[in-house]
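There is one chain below, alone, in structure tokens, taken in the form predicted on its own.
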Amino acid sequence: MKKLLPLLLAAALLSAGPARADTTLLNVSYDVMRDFYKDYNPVFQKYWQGKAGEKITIQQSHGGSSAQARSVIEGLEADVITMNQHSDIDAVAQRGKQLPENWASRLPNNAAPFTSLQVLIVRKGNPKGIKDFSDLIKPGIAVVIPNPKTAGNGRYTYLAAWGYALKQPGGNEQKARDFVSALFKNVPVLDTGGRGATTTFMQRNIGDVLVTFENEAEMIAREFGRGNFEVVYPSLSIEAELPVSVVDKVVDKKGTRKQAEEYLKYLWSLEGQTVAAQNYLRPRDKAVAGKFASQFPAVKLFTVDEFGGWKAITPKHFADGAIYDQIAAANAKK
């Protein structure tokens, strides 16, 4: 009988089927998306366990968008990268050689499952009477913005201001540059990421206005209370596409391609789009967008494509020695 016990145990294990080992994915993202993925990950985990019978662990890394992209280029093994600008994922493709340069064509909507835009967060009662981007260059207005060198949030604000000035009557490149220069003169501190800028504004009580993504306003409300600030929608803003991609070199090394691809594809599902809308990200799905339409005011928008896309914008405005650096250096001398 003792000799039969090991055989019976082995037979019982075989009859139970092969054990499914847990898979771990690392999502390297920008800092304003902490709350969205905190809500989205359990929804996907439940879906995947029901579909594949596999438990999946999802780890998160958050920081300034461009800084996060550099970390991946330098070796941080992200299964997926979820950024707020295409240029950061392009850098991982071009400089890091970790995914193909046509990565944006592999998913719908140029690989951006939802969008956002830049809004103005002001103190309760709006004591400085801030109504539009034009108010941000007035004397005595302190503007909180993350650093455009490290944060996509900061780049979108820079471009929103540039485009706003360019599209005013008589607007041109020089007037846009002068406008952006005047705005950054009013910036008392440049945090490395959007969440850091929120902390500076809300907890350190620095600044009269915080310029950030629309969805960050909802996160501020949840954390600090809805009565402590107001959201001002400008007359014109920039549409922010928030792209995602699998990091091919990592998933092929780890054997996680299937899970990583499904994790991103599910962002376009009804459930994924609903979680996005609940977190004040503008969904692509028309039915979900209609259901949540009341929380998304209509704003006249322009896109990065109007400036030639990120491949034209980055070297012109944000590369070392480009226009932003020139503006920062000139302002530092004054």
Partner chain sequence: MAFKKPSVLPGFNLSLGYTIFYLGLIVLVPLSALIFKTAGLSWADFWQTVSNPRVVASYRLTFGASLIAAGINMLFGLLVAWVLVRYSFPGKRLIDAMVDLPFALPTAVAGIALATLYAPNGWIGQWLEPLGLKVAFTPLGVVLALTFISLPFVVRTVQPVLEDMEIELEEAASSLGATRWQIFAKVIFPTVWPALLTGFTLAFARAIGEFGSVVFIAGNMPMVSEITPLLIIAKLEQFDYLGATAIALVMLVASFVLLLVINLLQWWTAKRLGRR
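Between two forms, the rigid core is defined as the largest C-alpha subset superposing within 1.5 Å. Because the structure is predicted, anything quoted here is derived from the model rather than measured. Residue numbers count along the first chain shown, from 1.
Heads up, the form predicted in complex with its partner chain isn't pictured, but that's what we're talking about next.
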- Message: Can you tell me which of 72-80, 160-168, 109-117, 129-137 lies within 4.5 Å of its partner chain in the model of the complex, counting heavy atoms only?
- Response: 72-80
- Query: Which one, Ala142, Leu190, Ala104, Val232, lies within 4.5 Å of its partner chain in the model of the complex by heavy atoms?
  - Reply: Leu190
- Task: Quick one: from Ala289, Leu301, Ala67, Val43, grab the residue that has a heavy atom within 4.5 Å of its partner chain in the model of the complex.
- Result: Ala67
- Item | its partner chain in the model of the complex: contacted by all of Arg95, Asp320 and Ala328, heavy atom 4.5 Å | yes
- Query: Within a 4.5 Å heavy atom cut-off, is Asn228 in contact with its partner chain in the model of the complex?
  - Reply: no
- So in the model of the complex, does any heavy atom of Asp88 sit within 4.5 Å of its partner chain? yes
- Could you confirm whether Gln174 comes within 4.5 Å of its partner chain in the model of the complex, counting heavy atoms only? no
- Message: If we define contact as a non-hydrogen atom of the residue within 4.5 angstroms of the partner, is Thr150 a contact of its partner chain in the model of the complex?
- Response: yes
- Note on the structure: Contact check, 201-220 vs its partner chain in the model of the complex, heavy atom within 4.5 Å, ordered by sequence, gives Gln203, Arg204, Asn205, Ile206
- Core superposition between this form and the one not shown, C-alpha change of Ile73 at least 2 Å: yes
